[in-house]
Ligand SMILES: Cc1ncc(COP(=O)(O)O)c(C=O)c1O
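The chain below stands alone, shown as structure tokens; this is the form predicted on its own.
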């Protein structure tokens, strides 16, 4: 059965009907299934032999490309030694090596690492740690978490409660208590009808007013993505936003959590989004590109001053009361260590910065060429275009989905929402790769533009 492609009359086969994909209506998927068989470098191949440029790194994960020999060899070597160790009893040398490497790669002031196996686990752990930290630091009433509308922090109940897009959470409501949301720092569609920079960064200042209105002694943490990308939108905060937020959190003894599941490990042309914005959080959640997609791996990197609250005698019970079966798995740690080594030895953070600068030039040119493109935005190798949705009133599909469909037909996979399309290719891309992706995107935009003229 392996390698079969289900299409046409056989689309409703038993195999397709029984698999449940993420956020996907399986009835529609079964009518035209998309099944990958192999990958190499930045390319994916489906079971019919058609090749696609992976312009979104799988889902912001495949930072080192497919069939990476160094990754495969590191994982194989670890499998030959030890594939699993009892997490309730101890750890492994490879896990300790990864912790050391992560702390050296992380922003200054970080003192410990909680290893996990997925992004939702990391954000859940960080928010739980924030609550426990305050209870053990003399502020037991601090429990509320402030996040922003449009943000996405994971699919588990606590992470989903922090997320701000109704599209993925409304069917599960009511969710976990104690989560508040503020409007996003979106300069393209400012929720306050202001214009940057004369706005004086109202979006950041209102977070302090929210903390004060809730009573600072009840607010444990603020969780934010350095750059937010989800079905609810693609938001790139202005430079000053996080420095203002950092000062606000300091004033009110509120922990600042960065959700860097997407933006970490060179994606923005800096080690982390924290480095890109020049702001150090108290808790930094990371995952996805952490292992290059070769094993499930995530972590919470913990500031030393936070970690101190969890150190004591066993009788005090101040240890972090949280764990997962696959956290610190030796095979996953070997993948993470090998990925981090490649990122540093191959200069992939700098490559993301250099190729990102070239990508921005191409995207800026597209924004000028096509009237329905509002602007280019992003950083490093997480950049894209925002679309004017008003120009598509009455269309059967919003502009982002039209672009996605046109690009896919030409062999390019993108991350899109209703009003945006973004690139997040593997960090190994070359200038020629970027040009090829952009050339395909231009042709796709022309197709969408032609469709607008036909409808008019």
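Residue numbers count along the first chain shown, from 1. Just so it is clear, the model here is predicted, and its values are computed rather than measured.
What follows is about the form predicted together with this ligand, which we do not show.
- Proximity to this ligand in the predicted bound form, defined as a heavy atom within 4.5 Å, singles out one entry of 120, 132, 210, 355, which is 120.
- Figure note: of the listed segments 264-272, 306-314, 112-120, 248-256, the one touching this ligand in the predicted bound form, with heavy atoms no more than 4.5 Å away, is 112-120.
- Shown alone here, residue 154 lies within 4.5 Å of this ligand in the predicted bound form, counting heavy atoms only.
- Mapping the unseen interface onto this chain, residue 282 falls outside it, with no heavy atom inside 4.5 Å of this ligand in the predicted bound form.
- Although the partner is absent here, residue 288 is a contact residue: one of its heavy atoms lies within 4.5 angstroms of this ligand in the predicted bound form.
- Contacts with this ligand in the predicted bound form, taken as any heavy atom within 4.5 Å, map within 218-247 to 225 alone.
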